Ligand SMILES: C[S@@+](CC[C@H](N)C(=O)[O-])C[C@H]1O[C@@H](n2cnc3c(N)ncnc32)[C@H](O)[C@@H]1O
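Just the one chain here, laid out as C-alpha cells, in the form predicted on its own.
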C-alpha cells in the first residue's frame, strides 16, 4: 500500500475487481459455498451459542454481502430478540437482501461508526464470515483494533476466518493470491490468535468449518484472469506447492485450491 492509499481505497479496489460475481451470482460461485445451509451450520451454531450467553439486542454482520448468514439466524429464531443488520460496501450485494427481518446499510468497514448500527446502551454482537483477509497483511492488526473500538467490554465477535496450521500451506495459498494480483492475506492460526489478543479480544472458543474449494475457472472469473495467466499461475503453484496436497491439486480443468476455515468466538476485554 502506498503512503497515500487508504484502507478504504484498497477495499474499494478489491470490491470493484470482484463486481462480476456480486449480486445473485455470489450464491453460485465456488459451488454455492456461501449459500449452503449445511456449510453455514457450524457458524450458525456458534452464533446461537454466543447469543444465548450475551443476549444481544442487535446482531451486526460485518461485510455480510447478500445477507445469507443473517437470514439463517432469522430462520433459527434470533430475529425475535435482536435487530439484524447487514453491513457491506457493495450495492450489488445488498440488493440481494430481501428478508424484511434484515436491515442493510451500505458502508465500508473503515468508515463504520457505532451509531450507525446500535442505539445508546444497546448490546451488540458482531459476526463476520470470510472477510478478514481483505485487510491485507499490513493493515490486519490496525483494522482488528478498529473493530474492537466499535465494541464494548463483554460484547462478542464471532468470525469464520481462513487461517492455517501448516506454514507451507499458508505460503502456498498466499502465493496464489499474490499471483492473482490481490492484496488479500491469510495468517497462521497462532498469528491470528496473537493479533486478536493484541487488538483487545479474548478467544473464548474455536472450531473448524468446512474448507472453501477454489476452482481455477471460478477464480479466473472472479479476478478477471486471462487463460494464459491462469496457466502461468498453475505452473508456478504446481512447482512450489507440490507437497501441499491438502490445499492444492491439479485437475482436468486446471487446479483447485482449498481454504481452511476456523470459527472464533471472541470476547471484548
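Residue numbers count along the first chain shown, from 1. Not measured: the values here are computed from a predicted model.
Same protein, other form: the form predicted together with this ligand, not shown, and the subject of what follows.
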Using 4.5 Å between non-hydrogen atoms, is residue 108 touching this ligand in the predicted complex?
yes
With the partner left out of view, is residue 63 within 4.5 angstroms of this ligand in the predicted complex by any non-hydrogen atom?
yes
Please tell me whether any heavy atom belonging to residue 93 falls inside 4.5 Å of a heavy atom of this ligand, as the geometry stands in the predicted complex.
yes
Applying a 4.5 Å heavy atom distance criterion, does residue 129 contact this ligand in the predicted complex?
yes
Please tell me whether the candidate spot formed by 22, 26 and 88 is one where all three residues come within 4.5 Å of this ligand in the predicted complex (heavy atoms).
yes
Here the chain appears without its partner; judged in the predicted complex, the stretch of 236-244, 26-34, 49-57, 201-209 with heavy atoms within 4.5 Å of this ligand is 26-34
Contact set, 216-248 vs this ligand in the predicted complex - heavy atom within 4.5 angstroms
222
